[in-house]
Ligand SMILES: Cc1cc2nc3c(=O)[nH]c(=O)nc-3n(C[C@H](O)[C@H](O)[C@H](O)COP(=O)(O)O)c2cc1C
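Here's a solo chain for you in structure tokens, the form predicted on its own.
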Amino acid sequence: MTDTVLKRKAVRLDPRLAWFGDVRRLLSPMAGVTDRPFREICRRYGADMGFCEFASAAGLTYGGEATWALVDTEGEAGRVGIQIFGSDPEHMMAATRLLNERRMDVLDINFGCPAKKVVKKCGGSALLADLPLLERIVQAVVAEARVPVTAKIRTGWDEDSVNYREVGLLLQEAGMGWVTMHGRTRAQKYKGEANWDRIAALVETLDIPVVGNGDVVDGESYRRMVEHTGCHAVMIGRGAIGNPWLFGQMRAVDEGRPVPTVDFREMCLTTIDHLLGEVALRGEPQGSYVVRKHIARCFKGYPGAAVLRRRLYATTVAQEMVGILEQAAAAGDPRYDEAVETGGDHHEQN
């Protein structure tokens, strides 16, 4: 792929990561979201690489069936990464040893998750406040991994302890293939704006690739992040929920084409594909429940969206949901005529 629009900083690539030179659009590891069916849909639209849901190193080490189900990559087409978290170097090393038997292109270490259940066990972004332990974990994983190791971080624990440059240099020196940075502190969680100036500063600080993360929600914000930071690639997290076509918008920007719009029918058909994939993986009703969080965002802002959601949420039978989506697709845009469903004469904007 040749970039025709965006200029990015030249980087030093691990020889094992020569393929990463053309990777620009990544799907972030997200619990309950980035399972295999959703990764495949995001690739369809333009994601160059997808990550599994992040997995506990302790869960993997002790053979937790549910934890191992999160890293189902066997036979998966396209680039895929696995991300692990934990605070015990021995667990992280043991999990890495076990994961060497799994199909993956990189093994990522989670130093960025702000969730309480992760942080209270001194995992995720909590390690940004304990760099000696963070370094021991990195050394343990790198020593065992048969694939390149990468890491995801935040700018720091809070505004009084912003240390992303120090952490980035430590990770580069320890042999990380690239560093992904979310432009918020742990204390911010997902509030406020991501600080792209700090992503730009990390890009300038490191020789290895920096992947930007935070507040990219469409093709234009993607363009602005890359222009602002010079980052090698962008990782999409929450912005992809119910919006896999975001990757198509990003790809159009990279290729110098007009950013495409997604019509109602395509949204419905993609949702059907996602639903059937989840049900095949998880069965009913679990597969239907997983898709609900995507449906909530996918159809937001269109006439009749509330009624469409209520109809879809009223059943967990996949074929009934498929029928509702097919009916809505056939009705055209506006997506769903609430007046027909309710007997009213208005359209609700959601």
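All residue numbers refer to positions in the sequence shown, first residue = 1. If you're wondering where the values come from, they're calculated on a predicted model, not measured in any experiment.
Note that the form predicted in complex with the named molecule isn't included here; everything after this is about it.
The partner is absent here, but in the model of the complex a heavy atom of M235, alone among M235, V149, M267, V203, sits within 4.5 Å of the named molecule. Of the candidates V322, M30, A306, A58, M30 is the one whose heavy atoms come within 4.5 Å of the named molecule in the model of the complex; the others do not.
Each of H182, Y190 and D215 comes within 4.5 Å of the named molecule in the model of the complex, counting any heavy atom.
Listed stretches are 308-316, 60-68, 31-39, 283-291; the contact stretch with the named molecule in the model of the complex is 31-39, by a heavy atom cutoff of 4.5 Å. Using a 4.5 angstroms threshold between heavy atoms, F299 stays clear of the named molecule in the model of the complex. Contact annotation for N110: at least one heavy atom lies within 4.5 Å of the named molecule in the model of the complex. With a 4.5 Å cutoff on heavy atoms, Q249 does not count as touching the named molecule in the model of the complex; it lies far away. Although the partner is absent here, Q83 lies within 4.5 Å of the named molecule in the model of the complex, judged by heavy atoms. Shown without its partner, the chain has V33, E53, F54 in segment 33-71 as residues with a non-hydrogen atom within 4.5 angstroms of the named molecule in the model of the complex.
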